[in-house]
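Let's start with one chain on its own, the form predicted alone, as structure tokens.
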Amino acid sequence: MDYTEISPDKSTSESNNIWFKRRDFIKLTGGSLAGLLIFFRAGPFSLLATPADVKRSLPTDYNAFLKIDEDGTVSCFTGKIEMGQGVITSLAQMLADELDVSFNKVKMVMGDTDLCPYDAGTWGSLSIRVFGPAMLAAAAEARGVLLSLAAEKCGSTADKLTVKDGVISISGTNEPLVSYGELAKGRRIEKFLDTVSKPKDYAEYKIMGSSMLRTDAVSKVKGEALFAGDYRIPGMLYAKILRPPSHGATLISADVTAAKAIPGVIVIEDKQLIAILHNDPEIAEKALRLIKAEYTISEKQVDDKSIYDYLLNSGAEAKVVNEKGDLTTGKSASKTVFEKTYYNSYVAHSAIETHTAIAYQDEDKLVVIVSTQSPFGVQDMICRELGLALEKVRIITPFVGGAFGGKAPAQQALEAAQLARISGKPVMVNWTREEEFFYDTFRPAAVVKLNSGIDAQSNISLWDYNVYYAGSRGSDTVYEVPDQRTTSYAARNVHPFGTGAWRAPGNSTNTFARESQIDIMAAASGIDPFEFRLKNLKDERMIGVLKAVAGLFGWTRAKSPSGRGYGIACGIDAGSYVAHMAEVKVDNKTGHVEVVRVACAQDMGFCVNPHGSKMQMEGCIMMGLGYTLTEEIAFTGSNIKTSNYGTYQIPLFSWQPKMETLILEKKEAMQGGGEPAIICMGGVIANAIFDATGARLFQLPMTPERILAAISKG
């Protein structure tokens, strides 16, 4: 089957993301190659090696490669995927700038296990700050190789040559000598440099650091961009799978007689996997409803009300993350001690695109097109579960419609692969929204117990921070405290269903607790919360973003609660420093919160694409309103009650506040940008609500009912 049957030319060109059928790619790069392959000394990876030849780890001596066509088009291969964060644009900027080619000449090939170097996955805001420098180093070497080849061709030396838009000339002249495409014409070249080429200094970049429109924007707005669920394979069947009523349920029997009676239905029974296949998804769904199944149920004795006591009594193991000074000394030095407990609920990723996969056999290879953050991880899983060699499984990840950590697991890919192997037919598994909520790995419910103190001069003198089940990311003290300790508590299999990474894992929980506690101490000191933070900070980067956001917001100093509804919060994530200020209005009769405006300043080192980064910041602000005000999972035992948006409120367009963003200009190492701006939203809104009403909220989300209860307590 030729892959072009399911990948229209207009999609690949307009999305700036190109794929090849592997054997066709090898033909292109064989004896009649019309391009240039650069092999880098950074690692042993050969572009023509099968996945089985590649070490399955993310090496420090990275592997990167590119292909230069006769027309000067540069294809960049990366195991990263595009799920809305914009790396399809920013990585292209980086390659173009380092290689000295036009930006519009770079085409990205992403997330294809047959064509791309191994990558553990797209998460943790690592694409730019970790893969990016590796790619820049590779591009620098490629540029050096090309200059060396040009020097040989023209009887010159590489140091006398320069490059502009992929055309090489003698420095100081405009006369072109040879282009990258001409050097590559008809030959396959393997050449290593005798010396290591270093990437440019940040001050030298011209494409990086400039705002670029998303290369996938037009195709997505026009509805032409293809996601996993948009593909159709000839002869493809839709799968509807029998799902248990609860995570505590085990199937003991299933009567599929009535389902089999429907014409055209294929029933698959493989241990616990029972599925209906049909070329019409509605008929498959109808047949599924006819199955009579019996289960045994074993539930944990817990629900969304008792979960916090349950977690605290689950025998968690303590791990000291950070310790400085002595807590006893800190307590003795404190004029006032504040002992508080903070809570947050389970939260869904709620990506607009549900988990989807298509599996089909292409000659001797199983191909799976899947929405996932980890194509190579999915390949490992399928090979392990189905007993296949790596070179017999190809994973292709097209555009992914949001993930936020939830598409690192890819159960749907294994389901599709199993069903395709058993039936011998191409099979699509496209989860319904109900299945998405049932199988999603939620942000874990968590508890933070915090004991802090201030001395007579309003300096923070004690910080005893204990976080249960959220993890330690974002638990940094941030402020200057002589006597402090941070402890993280965790236990295996404690949750009644699956939990996992959720955008900036754990950091929203930890920042909410820390920044709420800081405001509590500021209010008790009678000091403006902005001034109190500056008084207790020495970190110049944090001071920088706080002052920047204060100028952006127009902060005027006042003791809280001032009645203005102003809030402030700051934090660190993925190497970036971020600070928020917000203004809210609270209806004291209904508990409804209107977020009027939010300002955000971010120090992320050198920013590759300011336009794209600001879009990420705005997206974080909007998404953050959800976990802050409404989003939580209702459940009893392992039975999840929340099954769709009728009972799970995500932010609406009508909620959108006025948003102002500022990225500090730095010529320093690039840091993460996809997650930092979400971490402060709980804290900044909680502090703004307190400033407006005098009511302190200790649990996320801060629903109208919880706000009214806090107001009633005075």
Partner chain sequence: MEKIIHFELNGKKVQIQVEKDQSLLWTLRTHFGLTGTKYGCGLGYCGACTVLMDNEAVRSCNILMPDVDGKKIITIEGITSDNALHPLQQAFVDHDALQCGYCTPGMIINAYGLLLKNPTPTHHQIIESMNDNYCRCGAHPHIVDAIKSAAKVMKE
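Computed from a prediction, not measured in an experiment: that's the story for all the values here. Residue numbers count along the first chain shown, from 1.
One more form of this protein should be noted, the form predicted together with the partner chain, which is absent from this view; the next part is about it.
Contact with the partner chain in the predicted bound form holds for none of A284, Q412 and K641, as no heavy atom of theirs lies within 4.5 Å. Screening 443 to 451, 177 to 185, 81 to 89, 574 to 582 for residues having heavy atoms within 4.5 Å of the partner chain in the predicted bound form returns a single hit, 81 to 89. Heavy atoms of V400 reach within 4.5 Å of the partner chain in the predicted bound form, making it an interface residue. In the predicted bound form, the partner chain lies farther than 4.5 Å from every heavy atom of W555.
Residue contact with the partner chain in the predicted bound form: T432 places a heavy atom within 4.5 Å of it. Although the partner is absent here, I352 is a contact residue: one of its heavy atoms lies within 4.5 angstroms of the partner chain in the predicted bound form. Put simply, of V367, L462, A348, V74 only one has a heavy atom within 4.5 Å of the partner chain in the predicted bound form, and it is A348. This chain lacks the partner; the member of M623, A249, I291, I233 within 4.5 angstroms of the partner chain in the predicted bound form by a non-hydrogen atom is M623. Interface residues of 605 to 630, taken as those with a heavy atom within 4.5 Å of the partner chain in the predicted bound form (partner not displayed): H611, M615, Q616, E618, G619, M622, M623, in sequence order.
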